[in-house]
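To begin, one chain is listed below as structure tokens, in the form predicted on its own.
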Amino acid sequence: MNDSKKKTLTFAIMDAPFESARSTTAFRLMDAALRRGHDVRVFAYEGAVALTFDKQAAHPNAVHGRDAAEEDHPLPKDQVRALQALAKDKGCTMEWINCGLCVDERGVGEAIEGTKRGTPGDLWKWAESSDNTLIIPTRG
């Protein structure tokens, strides 16, 4: 991609893993942006800080008689890793910051490599310096 057309896009997401399709939709939008050669920044707030929790584990589905391997349940931490790998492959950047206060409240301090801890001030700085910012809120 011509660098003059390269954009920096910031996403703020708030939904915890497995709770709604909003996180999956955000991942799809990030994937599309990276495939088009754009840089992506993600600020995870509230329950979304658990998306990168390193201790997520696949599980069996006894109702359907499948073990963990057969169930092949997608884990958000692996989806984030895939996005990080795509960014590297495309020559883009993908930065991920988890809100530190939210991390502490939820006890999910063990995040995957390539993510950082920050504050809402980081989102503010990113929004000011990005070409566009998309906030994907929770629904109450």
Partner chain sequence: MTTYLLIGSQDPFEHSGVQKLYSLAADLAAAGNEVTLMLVENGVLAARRSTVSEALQDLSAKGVSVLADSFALRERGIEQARLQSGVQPAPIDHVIEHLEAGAVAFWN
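Positions refer to the first chain, counted from 1. None of the values given here were measured: they were computed from a predicted structure.
Only in words, not in the display: the form predicted together with the partner chain, which the text now covers.
The closest non-hydrogen atom of residue 33 lies within 4.5 Å of the partner chain in the predicted complex. With a 4.5 Å cutoff on heavy atoms, residue 28 counts as touching the partner chain in the predicted complex. Though the partner is left out of this view, residue 16 does not reach within 4.5 Å of the partner chain in the predicted complex, counting heavy atoms only.
At the 4.5 Å threshold, heavy atoms of residue 41 stay clear of the partner chain in the predicted complex, well away from it.
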